Each structure stands twice: as structure tokens, then as C-alpha cells.
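Below you'll find only one chain, the form predicted on its own, shown as C-alpha cells.
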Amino acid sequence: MPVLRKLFPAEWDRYERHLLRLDPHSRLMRFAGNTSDAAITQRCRTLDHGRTVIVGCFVQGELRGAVEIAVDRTLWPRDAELAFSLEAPFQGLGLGAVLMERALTIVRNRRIRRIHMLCLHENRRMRALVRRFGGALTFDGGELLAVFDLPPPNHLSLAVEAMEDGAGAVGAWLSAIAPTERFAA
């Protein structure tokens, strides 16, 4: 069973390794162009810890998918950008939808009102996710711009994020211990 949880900045090397494992087509869809290993490494090592949240999808303890949430750099941010990645064997299993739902809750709870995403026109899966979650798509010179307008947070959205954070922590703990240790008396 996949475990979704926020990554601590000290674990962002796992995110880098995940991005480096993406096959050429998945890299093209994630970065909207061909991207070298060196460019991915440089990008991951210069992520701004103060404005970035990464939610990872772990399968058997290994990071296999992620959504990167980058908040606008202004003092009172109102916009954020999302970027998704899933390794090829884990695409088409509904994990992108779970990551999208989690990202929308996190962003909403930070009082961010608008999300922007760029994707290639041929990225059918991302277009379907955008439509499923109520985003608007506009064509912009070979790429699609997806925009989500979000409502303000409420008690339920805050509770959902807190419960998901707790479930992610328990899931990470359970996947870290051996099965025989879980049931030992």
C-alpha cells in the first residue's frame, strides 16, 4: 500500500534520486523538455526550503512519485505552482489523483488562492487530472497552463491535512519496521 507524506528537507536527496530514475518520457512530461541528470541534481540542490513543500508517494519504502509545491516568493503569497512526477511503473494507478488531492488541501490551508501548472499538450494524464479537480486549461504556445482557484481553508480542510500528516507518519513508521517486528508480542 502506498504511503503519502511530506518530505523533510533533510530527505530531499530521495526526491532527487526519484527524479533521476524517471524514464525519458516521464522526464519530458515532468520538465516539459529534455532534462539532463546534472540539471536535475542542480535544481534539487537549490530548492528553496522556505517556499517548497514536497509530498512523496512511497511504495515499499521507496519514493516513486511526488508533487512539488512552490509558493510564490512575495511576502504574502497568494499563488503557488505544482509539479508532478511518477515513475513509469506507477503511472495509471490513481496515485496522481491522490497526490493532486493532497496538494490542493495543503495549498488551500496556506491561504493560497490560485495554483498554476504548466504541462505539455500531449500530457493526457495531467490534463485529465486538471479537469477532474476543477482546474481551467488554456493553451499557451505549445504548453497548457492549468489554473485552479481555491476557496479559503475551513475546519474540515485543516483537519484533513492534520489527519493525512498523522497517517503518513504512521505509514512511514510501519514500512520502516520488519513485518515480524510488527506482530511480535
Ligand SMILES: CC(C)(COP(=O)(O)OP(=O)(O)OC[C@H]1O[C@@H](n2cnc3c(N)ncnc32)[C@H](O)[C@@H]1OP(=O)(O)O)[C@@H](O)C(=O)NCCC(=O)NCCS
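Just count from 1 along the sequence shown to find any residue number. Quick caveat: nothing in here was measured; it's all calculated off a predicted structure.
Heads up, the form predicted in complex with this ligand isn't pictured, but that's what we're talking about next.
(message) Within 4.5 Å, heavy atoms only, one stretch in 135-143, 122-130, 42-50, 155-163 touches this ligand in the predicted bound form. Which?
(response) That would be 122-130.
(message) With a cut-off of 4.5 Å between heavy atoms, is Asn109 one of the residues that contacts this ligand in the predicted bound form?
(response) Close contact is absent here: in the predicted bound form, Asn109 is far from this ligand, nothing within 4.5 Å, heavy atoms only.
(message) Can you tell me if Ala83 lies within 4.5 angstroms of this ligand in the predicted bound form, counting non-hydrogen atoms only?
(response) Ala83: yes, in contact with this ligand in the predicted bound form.
(message) Is it the case that Met29, even though its partner is missing from this view, gets within 4.5 Å of this ligand in the predicted bound form, heavy atoms only?
(response) Contact check for Met29: yes, within 4.5 Å of this ligand in the predicted bound form.
(message) Can you tell me whether Val71 touches this ligand? I mean in the predicted bound form, with a 4.5 angstroms heavy atom cut-off.
(response) Heavy-atom contact with this ligand at 4.5 Å: absent for Val71.
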